[in-house]
Structure formats: C-alpha cells, structure tokens
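Quick setup: the structure tokens below cover two forms of a single protein chain, split into structure 1 and structure 2.
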Structure 1
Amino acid sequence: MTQFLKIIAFSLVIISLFAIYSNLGIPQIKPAPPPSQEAVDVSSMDMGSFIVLGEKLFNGKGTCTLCHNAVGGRAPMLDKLTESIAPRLEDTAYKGTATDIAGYLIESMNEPSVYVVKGFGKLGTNDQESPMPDVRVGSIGFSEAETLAVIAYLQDASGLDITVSIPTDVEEPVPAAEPAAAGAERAKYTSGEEIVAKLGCGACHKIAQFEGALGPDLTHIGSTRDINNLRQSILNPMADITEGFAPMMPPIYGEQLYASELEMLVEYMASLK
C-alpha cells in the first residue's frame, strides 16, 4: 500500500511539473491579427494618397492579385489598360454601357459578366458568365469610394491620366486595411461558415452560399478528403494541387486563424458530404 501511494505521489509531482512547464516554460504562439478597419476620410485626401489607398485595397481587401497575376493565369492582367480595354468596348459581345476605361473598370468590378474576356469565363458557360464576384457584396464589400480608389491606382499603374474623382460626399469614412498593432486581439470566429465568409473563401471556391469557380468545388469536399488532408490543404496549399487548377491559394491561413478556429474550419469542411 505504501509503495502504491509513493507511485501516486510521484506521478502527481511529474504531472504538476509538466503542467507548470507547459504553461510557463513554453512560449505561446499567437497568430498574426487580421487587418484592422482603420477609418480614412477620403474627402480630405489628395490624388496621390487616393492612389496609395487603391493599391492597398487591390493587394489586400480586394484580394485581386489572387487571380489577376502572371503565375496563375486565372484572370486577365491589368497592366496595359489601353491596349486591352479599347478593343473590348468595340467588341460585339460587349453588353455594357461604358464609353471609356474608367467606366469599363467600374462595370467589370460591379457587374463582371457584362463582358467576359475569351477564355476567362466560368466553366461550362461558354464565356458568358464571369467567375469574378461583384466587389460590392460578400467578403470584399467595396464601397463606391474604394472602387474608385482601385481604378485610380490601376490607371496610374498603367501610366494613364487619372479620370476618376475623389468622392466628397462620403457619409462614412472608408475602412482602409492596415496591419493591426502588435499583440492586438480580435474576437474569435464562432463557426466554420463564418470563417468561410470572413476569409473570402467563396471568391474562389464554390462553398456554402458562395459560387466561386476559380478553385476546386468544395460543396461536398468531406466525401473525398479526410480531416488530415483538409488541414494540410489549408496550411500548405502547394503540397497537393488539384488537377486543372493553378497553384494560386496563398499559404497564409495558418497565421490568420487560431488553432481552435483552424480545427473548426477543418471539421466544417469535413462535414460537407
């Protein structure tokens, strides 16, 4: 009996030491916080600042570079606007009302299917429907001012005169994606569906209520992939590229999600059968 009590006491000491070391001796790793929504008063900006805002939106909140890049080839390049857009406005397949580059870009962002560049349409639609989402809704949710800022940036990047004006009648400040302060906390996501919506998964994938078509269809992904494979695909998307799709998913979600949120997302996807 005495020997048994000694073993129990020894075990409790070891467990206690391990618990203390786990909590105090091992540094905690926290994911980098997502961009904060810092309000920017565009009505007080000059054009140079407006262009800088457009560049941040193009590379950040808008997630435009996921598709408009030379590597993936999933969407037309946007570096030579005059050479590419002028012929489209004259094309008989063009169904819009724009008469200039700025107007065409606004249409393309708000109503992407008004004109679909040959070879870049949603699969099975004969280039009649664009896979690009309306930037005014969903996870992107551009305001009018944000749309104009992106257009100003694109025109400037192409060496064109800026033909859009900075809005002066904006009722609320425009949120600008800036890195949050180091150590900043955020509210945790509460469901896999929320994570899918907030991280913009539906911009590329068909999942939940979203109809993205640039990436693999995930509506029934749980019937073909197990939890470990799904987790790997999120943390290291380049490890296994689905045939027929370009390697364009960024390996950033392991840093943007807490461990519990990652597991929540994986379990949600695994349930899609």
Structure 2
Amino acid sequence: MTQFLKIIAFSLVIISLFAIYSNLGIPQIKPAPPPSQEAVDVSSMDMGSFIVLGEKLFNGKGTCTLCHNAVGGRAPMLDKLTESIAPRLEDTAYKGTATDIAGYLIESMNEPSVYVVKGFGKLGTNDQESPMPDVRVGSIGFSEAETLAVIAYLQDASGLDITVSIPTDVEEPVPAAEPAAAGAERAKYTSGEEIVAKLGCGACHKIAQFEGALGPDLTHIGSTRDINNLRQSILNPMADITEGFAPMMPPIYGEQLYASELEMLVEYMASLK
C-alpha cells in the first residue's frame, strides 16, 4: 500500500512539474477569435451600412490590408483616390477602359494587370503583370455586391461622393465577416489545405489551387525546407527573409492557429515535394 501511495505522490509531482513547464516553457498559442459568417441581405441596406460592410470586407475577407498598408510598402495606398487614381486615367500608358474612379477601382480588382502601378509589378515582369489577385476568384472570392461595397467604402474613405449603387437583384445574401465575441471557440481546422485556404496564404503564394505571386512559390517547398525551418517561417517570418523578396509576410499566423493546427500546416508544407 505505501508503495502504491508513493507511486501516486511521485506521479502528482511529475504532472505538476509538467504543468509548470508547459505554462512557462512552451509558448502558449491562443488563436485570435475567428470571423463568423453572418449572412447579410444587401438589398435592404442603406448606403451607410453598405459602406460599413465594405470596410469589413476590406479589412477581413478581402485581405486587402495584407498588402495595402502603410508598413509593408508593397502596394499603393488607397486612402487618397483623387490624388492617386485621377492622374492614372490621364496617363498615356493607361490602356484600360475606365472613365472614372469607380470604373478604375472595379478594373483594378477584377483585372489587375490592365494597368500596373510603376514599381509594383510582379518580380521580373518589368511592371507588365500585377501581383494583385483577381478578387473574384481564388483566396478572396468576392461577389459583385461585395466588390461594390468595397468601392463605396474606398470612395467614402477618400471623401468622394459615392457613385456606386447598392445592387437590388442579388440572389445570395452576402456573408460578412464579423469578429466573433471575445473568447469564442471556433471549430478546429482539420487539414493543412483548409488552413491555407482559410488564412489566405494563396493571396501571395502559389500553393494548392492558388496562384499568388508576391511571395515564393510553395508548391515544392518541402524539398528545400524542413519542418523546423517551415515552422520558423510562419512564427517569425522576419528571421530569415527569402532572397529576392520583400519582407512582407505577415507575422500574424502564429496567433491565429492552435499549436496542433500549426503543426498540421507545417507538415502539409513539408509534404509538398
């Protein structure tokens, strides 16, 4: 019996040591609350709510701020459209068909390569091809109503009159990414592919079905990088910048994934040979 109690006591010591170690020694990864998909009927909205929807899409589902931000400097800012866009329409190099700012914005979002802002083209294409994704497909996947909402938001943010109108004939309600209540649990991701799709890695990388072009092609990344290296490139992207690329990989994914999901993601990448 005393032997038995000794074993119990010993186990408790080990368990509490482990608990202490795991709290102090292992980085605690607490995922940020996930966006919950809430359906919104745009046809019953007023312009104010349509603009708010556009702002949410710009910062959330559209992942626009991953590239269009004041820090990375890898995409033009979109907050002073009269100054930036109006001269582009007059530029003799402009070969698109837009005649006003709203038209130019739609064109930029749907066919980004029609006009590439100088210095912002895809590497090695001499500004002939844009690294900006077509927002209708791939990792962004906007409906027409969502594109129009973002344009209303951008016009409003630049102090312009809103010239787009709210579509009244949309069949599908628009899912708006609302931040979930603090502390809310989300369903765990179940595969590396799902994580790549949900986190929008494909906006910048060629991986799975995505064709992003701002970061390195990851379709064979497992043949040049091992698991530890891949984990590092997610948790601390600034530590080792891949040659020829701008340091613009967002350092946010460590906070958005459970530890087990992070492992799933790096194992998936390691398998891409």
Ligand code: HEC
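Every value quoted in this text rests on a predicted model; they were computed, and no experiment measured them. Throughout, rigid core stands for the largest set of C-alpha atoms superposing within 1.5 Å between the two forms. Numbers follow structure 1, counted from its first residue as 1.
The form predicted on its own is represented by structure 1; structure 2 is the other form.
Superposed on the core, the two forms barely differ at Met47: its CA moves less than 2 Å between structures 1 and 2.
Fitting the two forms on the rigid core leaves the C-alpha of Ala239 displaced by at least 2 angstroms between structures 1 and 2. Once the rigid core is overlaid between structures 1 and 2, Asn59 does not reach a Cα shift of 2 Å, moving by less than that. Fit the two forms on the rigid core and the C-alpha of Ala259 turns out 4.3 Å off between structures 1 and 2.
Shown is the Cα shift of Glu193 between structures 1 and 2 after rigid core superposition, which amounts to 3.3 Å.
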